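Next up: just one chain, as structure tokens, the form predicted alone.
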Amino acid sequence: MIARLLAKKTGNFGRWRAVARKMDQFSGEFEKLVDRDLRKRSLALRYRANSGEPLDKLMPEAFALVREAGRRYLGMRHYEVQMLGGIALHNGCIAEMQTGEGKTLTASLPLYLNSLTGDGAHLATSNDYLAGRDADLMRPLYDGLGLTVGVVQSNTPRPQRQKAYQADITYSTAKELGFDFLRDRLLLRRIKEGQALVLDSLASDDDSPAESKPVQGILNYVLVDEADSILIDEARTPLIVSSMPGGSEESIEALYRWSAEVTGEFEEDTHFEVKHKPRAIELNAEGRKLLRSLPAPEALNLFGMIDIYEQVERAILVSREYQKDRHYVVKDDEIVIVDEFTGRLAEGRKWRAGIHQAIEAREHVPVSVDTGDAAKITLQDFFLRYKRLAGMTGTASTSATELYKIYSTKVAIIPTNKPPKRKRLPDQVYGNAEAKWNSIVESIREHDSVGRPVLVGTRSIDKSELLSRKLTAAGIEHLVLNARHTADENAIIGQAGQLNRVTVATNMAGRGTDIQPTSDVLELGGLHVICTEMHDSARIDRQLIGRCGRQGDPGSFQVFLSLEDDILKEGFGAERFKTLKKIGDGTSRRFDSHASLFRKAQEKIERNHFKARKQMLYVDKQRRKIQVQMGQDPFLESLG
């Protein structure tokens, strides 16, 4: 079965199987070595790698060393399927490993092997917590083999970043890796423009100040954790290092605030039209006439009417499309984005093109100074700059075509260590949202009454808190995990598999954290997962479903939907959405026969996102090509 699965995607399984047999030949020998001799064997491998011996040739011995180090220093010996996953990752594949199959331990194999050349190996993950946790977890293994480990997080000072990148293996978030690349490019441009003092300081490895040296070094090998999220979903958002613009902050703020105040004066179809591709608002002749008639502050006299039209259109778009506690939260008088793919707060990130400032004006918080771009790069561009790229996730096969077209990476489906026992209950579709939520509460009560733990996944913060209020009213004890309540995230998820635990969470729940059902829970059927709404991507739904039935444990899941769910509007457009809402309006009866509509809407959204990512990559390539022809750095913009 393993041969069929892997050969179907990669075509190299025969060679991989031979490598795996060679690994087993070293196991008995390495188990007899004392710690000092084990480290000596590791140093000998490094010498051979630096002498030019191919890493493929060193792989059997290197992986066997790592497996022994895992057994000895972590109490965890790699399973056979984890060794196969390591081979796939070394060969530049995206390894699809189901949740709970030990991706963190699997990653130690290719990271160790690719660090032996001295050029370093990077692991890119989705958030600071996972980067720090995984580095600390694997550190005893690497220490035992004589390797150093570095961690780069959002609050890591520049001098420590340099040391972290100089380590053999560096754990960081994808965004921090990309931002450090851009900051290094900016520094090198300043050096190129004639800052001789800085150039002289770079010549000395020992005495140069941290601020005047690039921190990152060679982009050798990168292993991307949650590869589907980072390489596909988040790839649409460019990483930007900003520069400060000129202009009057007072007049700009006045325009934003006035625009936010007058949005209620404009009506759809009468004063403006909605364009869904791309999402935009366009004032018509009546709308522009109305705008000119409204009283406005003197500060707006500094702007042309075209600028005022565009800002009011932007304010209307924000009032319609950006929802508090779904797309953002207000925290300490600041607008903080909620990452739509992880459900976590994206501290420090801002929407572009004035959207962020329009939301600040709407929420009556200080309007931040709009910034220009000094340097920018997409995650697609950045990861393609590594000599070798690999990734791992629980949900890659559905995106295999896109991953290959953009990154030239094949998907290797790694089988589970034990056969899955996950059970799917029939989907339930209701006429309206109220009926759906009431049914979800009753389903939770039913499972809770027999002691089974329930994990409920919601699409947004406001939906998680809506359900929480209903559960409280029904007298059902529960915990809520969303971007507002992250302090005890690890503890909450760690206990979510115990008897009578009800956990309501956004899709941040569980990525990188195992839910361990107790033996009593397993006898009752394991963890039960409830999906309250479908996401834009089927992969996010699969991540939630994958919380149950891990490592061969029993588990079950069920999907609840309503004809008022957002995905129908996003997939089919406003007109058809209105028609579907009318079908279910005022009734609580079931419409299970409509279940296929939701998947069709989801597929349509996924196709649109794929087209947008392809277009963005094409435009970026053309822009870089022109800039290179003109002798400019393709990643640096005008500093203004």
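Keep in mind that this is a model prediction, so the values were computed, not measured. The term rigid core refers to the maximal set of C-alpha atoms that superpose within 1.5 Å between the two forms. All residue numbers refer to positions in the sequence shown, first residue = 1.
Omitted here: the form predicted in complex with a small molecule. The next part is about that form.
Put simply, Y79 is close to the small molecule in the model of the complex: some heavy atom of it is within 4.5 Å. Contact check for V502: no non-hydrogen atom falls within 4.5 Å of the small molecule in the model of the complex. When the small molecule is considered in the model of the complex, Q160 lies well away from it, no heavy atom lying within 4.5 Å. The small molecule in the model of the complex comes within 4.5 Å of no heavy atom belonging to H356. Of the candidates N490, Q498, Q551, Q323, Q551 is the one whose heavy atoms come within 4.5 Å of the small molecule in the model of the complex; the others do not. Residue-level contacts in the model of the complex: of E360, E96, D565, E226, one residue has a heavy atom within 4.5 Å of the small molecule, and it is E226. Listed stretches are 428 to 436, 259 to 267, 455 to 463, 99 to 107; the contact stretch with the small molecule in the model of the complex is 99 to 107, by a heavy atom cutoff of 4.5 Å. The Cα position of L141 differs by 2 Å or more between this form and the one not shown after fitting on the rigid core.
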